[in-house]
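As a starting point, one isolated chain is supplied in structure tokens, in the form predicted alone.
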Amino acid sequence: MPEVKINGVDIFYKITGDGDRVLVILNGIMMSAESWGGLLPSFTKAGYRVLNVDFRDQGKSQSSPVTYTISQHVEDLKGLLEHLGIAKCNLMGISYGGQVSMLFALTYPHMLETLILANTMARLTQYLIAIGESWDEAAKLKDGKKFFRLAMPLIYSDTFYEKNWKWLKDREELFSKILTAEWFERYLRLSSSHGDYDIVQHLTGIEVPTLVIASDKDIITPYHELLLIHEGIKDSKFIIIPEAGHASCYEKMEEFILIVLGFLAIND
């Protein structure tokens, strides 16, 4: 699997497809490059070369030897894009990945064609801080099954739970096997990187064509937080996916794909 040393850390990446336009996807904090397998065929079929990236301390990328702030990922991504010879791309980020994407758009706008932000936030509300603290406490138990039981009900909607109970229980068992002590240590470093993240006053500085995706049952990043982003970014597009929680790309995968490809098509 390809990886390259960027800013002293081996960063894992995966390229799928050979289209002329590049779509870079940034993960949520508990995700990895492998989390997007179900969506990739649709994106590549539409003619996109998709670049999936694991942040430092995530997936198959190397653990960070030191603590860092969320802005470190911006520099890591810039270094990776330069290494791959990608001068300009379409950037999509969900949740934590959306936070990094907005920072990237503010720092290196000349490297972006479009920006897609899903189920993310431009600030840390007190409620979101409380959720993060509860996840951190769960992570400190270093027990995959308990972590799943404590974290997932906030991520998926009640609708999804009712319709996919067996799948969720299977995932719970999987988490109990694959989430190691090292995974939890890495997760806690990622979690602590937020700092006092608040870029609401800087959103007017994002000038690339932007799509903002919210979900009506997302309690982690409620739709009004996404609306705040939409109102801050001039001429951005805003859409709400019904009957979905924080993991809209899984819960309503077909709708999510159509929304993303529709936006990319009108900005081709």
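Residue positions are given as counts along the sequence shown, with the first one as 1. Predicted, not measured: the structure shown is a model, and the values here were computed from it.
The form predicted together with another copy of the chain is left out here; the points below concern that form.
Using a 4.5 angstroms limit between non-hydrogen atoms, Tyr156 touches another copy of the chain in the predicted bound form. With a 4.5 Å cutoff on heavy atoms, Pro2 does not count as touching another copy of the chain in the predicted bound form; it lies far away. Another copy of the chain in the predicted bound form comes within 4.5 Å of no heavy atom belonging to His83.
Another copy of the chain in the predicted bound form is not approached by Leu106, whose heavy atoms all lie more than 4.5 angstroms from it.
The stretch in contact with another copy of the chain in the predicted bound form, judged by heavy atoms within 4.5 Å, is 144-152, chosen from 93-101, 144-152, 108-116, 189-197.
Only one of Gln62, Ser35, Ser236, Thr44 comes within 4.5 Å of another copy of the chain in the predicted bound form through a heavy atom, and that residue is Ser236.
Ile129 is the sole member of Leu174, Ala181, Ile129, Ala87 with a non-hydrogen atom within 4.5 Å of another copy of the chain in the predicted bound form. Not one of Asp18, Met31 and Arg49 comes within 4.5 Å of another copy of the chain in the predicted bound form, counting any heavy atom.
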